Structure formats: structure tokens, C-alpha cells
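Before any questions on how it binds or moves, here is one chain, the form predicted alone, in C-alpha cells.
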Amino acid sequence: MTDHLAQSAAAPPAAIPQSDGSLSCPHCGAEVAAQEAFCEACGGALTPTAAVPAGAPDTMAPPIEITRSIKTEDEDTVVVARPCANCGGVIGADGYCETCGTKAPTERDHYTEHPASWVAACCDRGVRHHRNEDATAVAAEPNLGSRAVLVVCDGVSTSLDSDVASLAAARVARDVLVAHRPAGLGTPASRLAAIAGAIVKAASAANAAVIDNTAHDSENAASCTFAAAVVEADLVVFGNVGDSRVYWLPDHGSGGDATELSVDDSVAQARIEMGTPREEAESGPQAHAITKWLGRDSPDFTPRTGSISVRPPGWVLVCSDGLWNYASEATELQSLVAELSAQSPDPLTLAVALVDWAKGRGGKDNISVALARL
């Protein structure tokens, strides 16, 4: 990261034109807009080469409401301003460090959720993207292994609204699943059907939220993936649309198999089903093109659902492709989780460590991790 120190009398450099018509930051190479006076990636000062369009919206994201508890009426905690990640200095009202001048990430760029001791999530912009279009929303009862809801939505980057829409979708889906408690159902089969039906309703509500947060005149409608898991004791009911995933990762030696529970709606998955090896399918052309999504132009937003009775101890993991890009197989993630949680089994510590691990391998996409410890 390039420090942005006090400016000299000379004007800051202008963005550098690229062969494809885009502009890049002369300090760090990140893509920038012609009207920007600072690079969002490194905080470096720029001389704008175009005026800000009249009536342009304020791009500062609103504060993220961090946690929600199923048990209490106190739904959300207050976000506390963080010190500068570069030097520890105070972040000024303009969003830049008062000591070294580094641009601070917004709360939308990186946030964590920790509603109970056994459930947590971390959502991060990653290294290469200029904004965070992923979103998490989790909830949990306080007692270990009681009931939890984990939701991850990954916004598609072609729309200006996907970062807002994905967050709205994740929160709405969480709220639907929190409100749905299939108590008193007569048989295990009816209970499973009720929870799976709630996940379908949650996806529908999330789809409506995406549409409600898409500009009516937008040529590229906001869209996102959807992955959710409802944990009740040793039962996990899950559903997904797109290529965000749900995994069950038992502890080594506990007698269970690490399993990718969800099935992607993607070109890569179609190739896998035709016999292409996973590694080849997931690294080939259009591998991350999704065939189902939430949004105004979605042909089908009905999630695939399923359930599993697990044998604890282990982890339920819901994540975006920003994580599984670097460890797709369930056994790979199982080993990674075992390694990173060896020092601390705390879910929040592990969620942040998984995000940092993905960033350390390039962080080419936004990264979302939601965990429940059973």
C-alpha cells in the first residue's frame, strides 16, 4: 500500500490511460475514474480529468449494522471507528488517516458479525476489487449448537447497484429465516420440508430486495448469488442460487466426511457434471459464469435445497467464491480450517483468518465467510 503523505506544491499526477479506454492509478495501478481526486485503492492523490456529473449520488456506503441475535430485542450493535490499518493513526472525517494520509476502508469494505459465541462471519473487499459487493447476514441463539442462520450473497460486478442490493438481499433472507420456527411439526420429514420451504421463501424475499435496490433505468440490473444454511442442533438445512457454497467440515478424526453440501449453478458445474475434472472446469473459460441468480433479469431464482444430519464436532461454512477460489474441495477446506483453528477455536477469529488467508493468495475477488461451530 502506498502512503499518501502531505502534498507538495506540485499538482498530483493524473490517471494513466489504458489501451482498453480505462484509467489506472499512477501510484498503484488500480482502476480509477476520470473525476476522482483520490485513488480508492491506495489513497494516492490524483488530478481529475473530468468533472463530477451533476446530481451524482454520494458513493459513501452507510454504516453496516454488525450483529443480530435471535434471542433479544437489541438487534444491532453500533459500529466503532477503527484506527488506520497502515499506521494506527486517527481516521479523519474525510475518510483519510490524519497521520499518513492512507484512505481508510469504509464499513462496507470490511465488517464482521458475531451474534453468539459459536457463530460468526467476516465480509471483505479483497485485494483487487474497488468495492465490496459480497454480503453476509447471520443470526444465532446464544446456546452452543441451538439454532443459527447463515446467509451469504455475492453481488455480480456489472451493476452499479450490486453492492447495495446484495446487502439488502442477505439481511432480508436472514430475517425471513429467523422469523420462521417450525415448532410443533409432527414428523422429521415435515420439519425438514418446512425449513426448506422457508429457505425458498427467503430466496424470494431476497430477490425482491435486489429488485427494490436496482435503479429503474439501470441497463445492467443488480444481481447476486444466494447461499443459506439453517442449523438446528445436528440438523443442517441449506439452499443456494448461483455459486456461493455451503460446506460441512467435521473435525479430523471425528468420523465424518467433509462435504460440499450445495451444488453450484454455473458453467463450471455443468462441465463437472459432463465429466470434466473439477480443477480444469473451475479454471477454464467462463468458469465463474453463473446460470441462476437473484435479480430483475433472473430466469429462475428458486434455490436448490437439501439437508444433512451431521455428527459434531465440526463447522458449517457458508462462503462466496472469494474463498473457495483457492480451496474448492471440501477436504482442502477441512485441512485449512483445522490448521487455522488450531490456536483458537473461536468462530470470529477463524472467519477473519480465512479471509486473510484468501487475501494472502491474491484476494482477486470479494470474500465472505460465515461459520457455525457445532
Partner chain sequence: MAEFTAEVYQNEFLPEGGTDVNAIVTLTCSGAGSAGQTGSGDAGEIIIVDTSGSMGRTKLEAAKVAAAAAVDQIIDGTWFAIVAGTHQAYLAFPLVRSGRGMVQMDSNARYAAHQAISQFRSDGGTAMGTWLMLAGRLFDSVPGLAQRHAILLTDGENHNETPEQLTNAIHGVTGKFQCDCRGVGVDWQVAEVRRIAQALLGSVDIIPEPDQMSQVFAELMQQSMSRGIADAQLRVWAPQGAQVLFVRQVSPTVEDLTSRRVEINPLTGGYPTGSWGDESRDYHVSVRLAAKAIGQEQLAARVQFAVGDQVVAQGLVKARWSDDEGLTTRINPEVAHYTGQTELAEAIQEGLAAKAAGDDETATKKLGRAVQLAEQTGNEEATTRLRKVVDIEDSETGTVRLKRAVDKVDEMALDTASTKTTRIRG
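Values in this document were obtained by computation on a predicted structure and should not be read as measured data. Numbering follows the first chain given and starts at 1.
One more form of this protein exists, namely the form predicted together with the partner chain; it is left out here, but the text below deals with it.
Among heavy atoms of His130, some come within 4.5 Å of the partner chain in the predicted complex.
When contacts are judged by a 4.5 Å heavy atom cut-off, Thr302 does not count as touching the partner chain in the predicted complex. Taking the partner from elsewhere, Ala193 is found to have every heavy atom lying beyond 4.5 Å of the partner chain in the predicted complex. Remark: Tyr96 counts among the residues lining the partner chain in the predicted complex, judged by a heavy atom distance of 4.5 Å or less. Three-residue candidate spot Asn86, Thr102 and Arg125; every residue lies within 4.5 angstroms of the partner chain in the predicted complex by at least one non-hydrogen atom.
In summary, the region of this chain contacting the partner chain in the predicted complex, judged by heavy atoms within 4.5 Å and restricted to 250-258, 86-94, 286-294, 230-238, corresponds to 86-94. Shown without its partner, the chain has no residue in segment 240-277 with a non-hydrogen atom within 4.5 angstroms of the partner chain in the predicted complex.
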